[in-house]
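We begin with a single chain expressed as structure tokens, specifically the form predicted on its own.
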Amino acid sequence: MASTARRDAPEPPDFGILKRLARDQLIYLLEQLPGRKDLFIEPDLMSPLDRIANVSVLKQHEVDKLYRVENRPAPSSSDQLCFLVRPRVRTMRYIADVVNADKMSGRSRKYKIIFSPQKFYACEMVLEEEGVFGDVTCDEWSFYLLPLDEDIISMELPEFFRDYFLEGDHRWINSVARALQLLNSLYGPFSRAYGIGRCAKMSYELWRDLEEESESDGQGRKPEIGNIFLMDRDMDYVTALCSQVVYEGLVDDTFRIKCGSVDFGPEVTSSDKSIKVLLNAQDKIFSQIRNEHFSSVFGFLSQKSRNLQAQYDRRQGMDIKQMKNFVSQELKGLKQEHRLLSLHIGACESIMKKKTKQDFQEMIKVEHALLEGFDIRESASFIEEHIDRQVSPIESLRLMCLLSITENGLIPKDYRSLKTQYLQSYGPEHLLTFHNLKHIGLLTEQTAGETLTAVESRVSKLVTDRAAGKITDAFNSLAKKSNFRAISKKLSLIPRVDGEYNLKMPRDMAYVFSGAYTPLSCKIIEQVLERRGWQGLEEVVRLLNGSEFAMADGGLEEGAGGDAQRVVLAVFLGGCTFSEIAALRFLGKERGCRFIFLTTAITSSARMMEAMAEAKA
């Protein structure tokens, strides 16, 4: 990777085809129910659906009215009902109630259930138990991949994180394998595959099995993606727990980016209306600041507004012909740019206000101290004060988890004290949340005595053994140690800086955390691609307790694919943050390669904490 250091990163493949395939398949499924019909959509499928087929497309294919799947009776008067849903048991009960209510009232209708991305056996069982299996027809909409931007593809499965890492539920692994199969058939064949984590290994193996079954022949096709790297979220919780300071990450933390777009409220738009804005590379202002450290953004925006004003001022000395050209060719573009500029300036001001209120600078200092392992007592006192002031239940949990994971577990006295204060401040209903965080290894208690540690190390050896796949996740959780300090030292995650770190002209990936910390996940990807495997990283793998793998397709020669060898598909199972995306984009620029991101969903510290919460924090 390093040897081919060229400045020009290849262009990303065209992912528009994924949208077209999804739209065509959905239209085909809707036409299977001829005539006018009402469509019931699960709330979390609404935004992805809007990116694939808007209301006018649905209307063209005889969809009459649209409803949300909710916990109340279906208001529809149509004779044909179509349900577009995720494969969830509670949704099946809702549909069964609709069908049974119609039976009771003697009404005859046609019902069709379209599962996205696939149907699970449990769903059919529920329909059978409720006595409606024979009354409905079931189909699958294989909508695995939603391109959010030119280099980001999301599976839009936020529940993946909780389902797999907390509940030990493997049902989504099949969806991941099928998504990889689709990408490989369209943009592959991938010549090299690397990965770390049990879920990554299972997904990879299932994908290879699917490839063998389908016997699709990729030979003769020019690949557009050469390398693939799969990583489990639990290999690096620290990065996801840190406060984001790149612009896109801050916008996500403050306004919550959903499905690639964000709702800017009146405090940003300076009017009484909210505006939905699509944040992607087409937004000329956003594309220039999205990966920048927040401290550089204001300077860029003010310079941009001066340039824009200068372009407007050119009108003063124009004659009629020049003015005509200016109005027909440039004015529309300038107005659009001006609108976007004012929105992003408004967003920056809003972020600044909120962060000033939350003692953001103080919090960043504490995070940096935790990452470096300094002033642990002071940091613990800050967290206690944060809890006592009831600043935010989610933020308090995040800081406790960061303290725990960087210190390889809290000492029992601190664990009990922080837990008691938290429950007193925010309510006893959070007790189950602590159980979940402990189970997943995010907020743990150090165990006293040598005996248990010896047992744990034996379990750890078992789990990292080649036979790891046969040991259950529940048993695996016994050995959940973070080992963050040792890994950090081994990979030099805390940069040694002489003087001030220049955030305007960053020299490494650590800029995404103000130069204090290089994201572990990104560092692993960098090292493995550089070494073309895990040689020399054995100690890191042992500390991570991961099931690593590296495979090269012997059928493809080294030089094959040309540019494709400089395109890397980074697959994050359990979610990926905008900070990691910014860091790998930076690495790509430095190394002359292009990273494409495939994630089960975009994540952040708040989303992770919410996924673990039993009480709505």
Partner chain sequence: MSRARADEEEYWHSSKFRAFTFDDEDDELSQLKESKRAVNSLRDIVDDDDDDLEKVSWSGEPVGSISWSIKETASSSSSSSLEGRDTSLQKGSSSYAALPKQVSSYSLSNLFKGRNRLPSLPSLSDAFSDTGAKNYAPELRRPKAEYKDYSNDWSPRDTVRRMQRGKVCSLERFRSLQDKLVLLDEAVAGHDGNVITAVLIFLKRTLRREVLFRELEVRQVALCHLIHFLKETGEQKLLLDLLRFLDRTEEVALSQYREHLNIQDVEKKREFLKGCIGLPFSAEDISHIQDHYTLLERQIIIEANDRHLEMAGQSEIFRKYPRKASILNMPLVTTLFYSCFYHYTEAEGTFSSPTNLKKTFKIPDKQYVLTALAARAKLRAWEDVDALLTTKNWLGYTKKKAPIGFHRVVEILQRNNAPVQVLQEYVRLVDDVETRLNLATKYKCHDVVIDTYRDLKDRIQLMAYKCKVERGSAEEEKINSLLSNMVRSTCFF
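Keep in mind it's a predicted model, so treat the numbers as computed, not measured. Positions refer to the first chain, counted from 1.
Beyond the structure shown, there is the form predicted in complex with its partner chain, which is absent from this document and is the topic of what follows.
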item	value
Residue (of Lys103, Lys489, Lys273, Arg507) lying close to its partner chain in the predicted complex, criterion heavy atoms within 4.5 Å	Lys273
In the predicted complex, the one of Arg306, Arg389, Lys353, Arg532 near its partner chain [non-hydrogen atom within 4.5 angstroms]	Arg389
Arg51 within 4.5 Å of its partner chain in the predicted complex, heavy atoms	yes
Contact test in the predicted complex: Phe286 vs its partner chain, heavy atoms, 4.5 Å	no
Partner contact for Ser243 in the predicted complex: its partner chain, 4.5 angstroms, heavy atom	no
Non-hydrogen atom contact Ala601 with its partner chain in the predicted complex at 4.5 angstroms	no
In the predicted complex, segment of 544-552, 562-570, 575-583, 58-66 with a heavy atom within 4.5 Å of its partner chain	58-66
Contact check for Pro43, Arg171 and Ser425 against its partner chain in the predicted complex, heavy atom at 4.5 Å	yes
Heavy atom within 4.5 Å of its partner chain in the predicted complex - qualifying residues of 528-551	none
